[in-house]
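Just the one chain here, the form predicted alone, laid out as structure tokens.
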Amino acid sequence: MGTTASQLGKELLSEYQELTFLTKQEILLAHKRFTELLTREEKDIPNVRVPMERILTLPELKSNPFRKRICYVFSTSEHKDGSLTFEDFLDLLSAFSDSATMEIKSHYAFRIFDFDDDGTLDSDDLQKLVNCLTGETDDTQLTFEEMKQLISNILEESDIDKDGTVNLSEFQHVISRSPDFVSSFKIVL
């Protein structure tokens, strides 16, 4: 499926449309935005990877508190460096599109919040999640006791099997009761 970044043929466009939740127009816009992140030399390289630092310059990601985790989760780099190919970028945009299903969105949200990539959200993951949302400055960061109480409340509400962690199905159960989740879990170019 590889192509140089400067071209996107009709056949490939149709294939991307079949494999994602994106329209042709959204794919073309994504291609334009991705290509703008490339240097002149990179534009002719097949399956070129854009470093995470450049991806994070996109206004749509710049203010997202989970921007680095988003890159790590969608990156297929064997170096685990958060760099993205165009196809990684499309996967990211597809999962965050209005057309993506609740199941897809909740799966990727769970992976983004699972900071240690162990398949569960434990108290460390939850603390990092809360810190990302509140900010880690002295003005916004919760006290130790507030954090402990909040994590306890989250686990009480979400940890159905009472093993001290939230697994994917428990997370999806909680998300299914949150009507705003689908509409708020999005990135629009």
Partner chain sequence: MQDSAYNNGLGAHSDRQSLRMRRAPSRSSSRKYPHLDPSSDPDPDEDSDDGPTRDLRTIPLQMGLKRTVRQAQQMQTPIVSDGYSWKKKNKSLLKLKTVAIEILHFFTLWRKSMQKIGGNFGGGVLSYFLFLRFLVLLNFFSFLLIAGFVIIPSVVFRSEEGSSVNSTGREECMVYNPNPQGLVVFYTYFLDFLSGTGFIEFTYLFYGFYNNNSNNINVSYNIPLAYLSTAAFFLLFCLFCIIIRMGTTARVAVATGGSVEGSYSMLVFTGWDYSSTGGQATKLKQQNIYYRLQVDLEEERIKKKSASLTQCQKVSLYSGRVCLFILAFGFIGAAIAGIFFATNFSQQNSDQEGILGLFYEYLPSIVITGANFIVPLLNDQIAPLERYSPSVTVIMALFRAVLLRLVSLIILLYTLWRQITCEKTPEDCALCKYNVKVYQCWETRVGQEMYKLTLFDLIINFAMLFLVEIPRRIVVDNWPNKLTRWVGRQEFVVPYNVLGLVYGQTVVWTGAFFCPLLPLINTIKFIILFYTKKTTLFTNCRPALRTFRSTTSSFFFSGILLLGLFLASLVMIYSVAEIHPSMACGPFRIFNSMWEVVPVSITKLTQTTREFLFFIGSQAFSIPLFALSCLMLCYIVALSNVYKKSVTLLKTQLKLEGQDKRFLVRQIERFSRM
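Only a predicted model underlies this, so the values are computations on that prediction, with no experimental measurement involved. Residue numbers count along the first chain shown, from 1.
The following text describes the form predicted together with the partner chain, which does not appear among the structures shown.
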(request) Have a look at Leu28, Met52, Leu142, Leu37 for me and say which one sits with a heavy atom within 4.5 Å of the partner chain in the predicted complex. (result) Leu142
(message) Under a 4.5 Å heavy atom criterion, is Leu121 part of the interface with the partner chain in the predicted complex?
(response) yes
(request) Evaluate Leu93 for contact with the partner chain in the predicted complex, applying a 4.5 angstroms cut-off between non-hydrogen atoms, and reply yes or no. (result) no
(request) Flag Asp81 as yes or no: does it have a non-hydrogen atom within 4.5 angstroms of any non-hydrogen atom of the partner chain in the predicted complex? (result) no
(request) Check whether Leu129 has any heavy atom within 4.5 Å of a heavy atom of the partner chain in the predicted complex, and answer yes or no. (result) yes
(request) Counting only non-hydrogen atoms and a 4.5 Å cut-off, give the residues of 94-131 close to the partner chain in the predicted complex. (result) Phe96, Asp98, Thr101, Ile104, His107, Tyr108, Phe110, Arg111, Phe113, Asp114, Asp117, Asp118, Gly119, Leu121, Leu126, Leu129, Val130
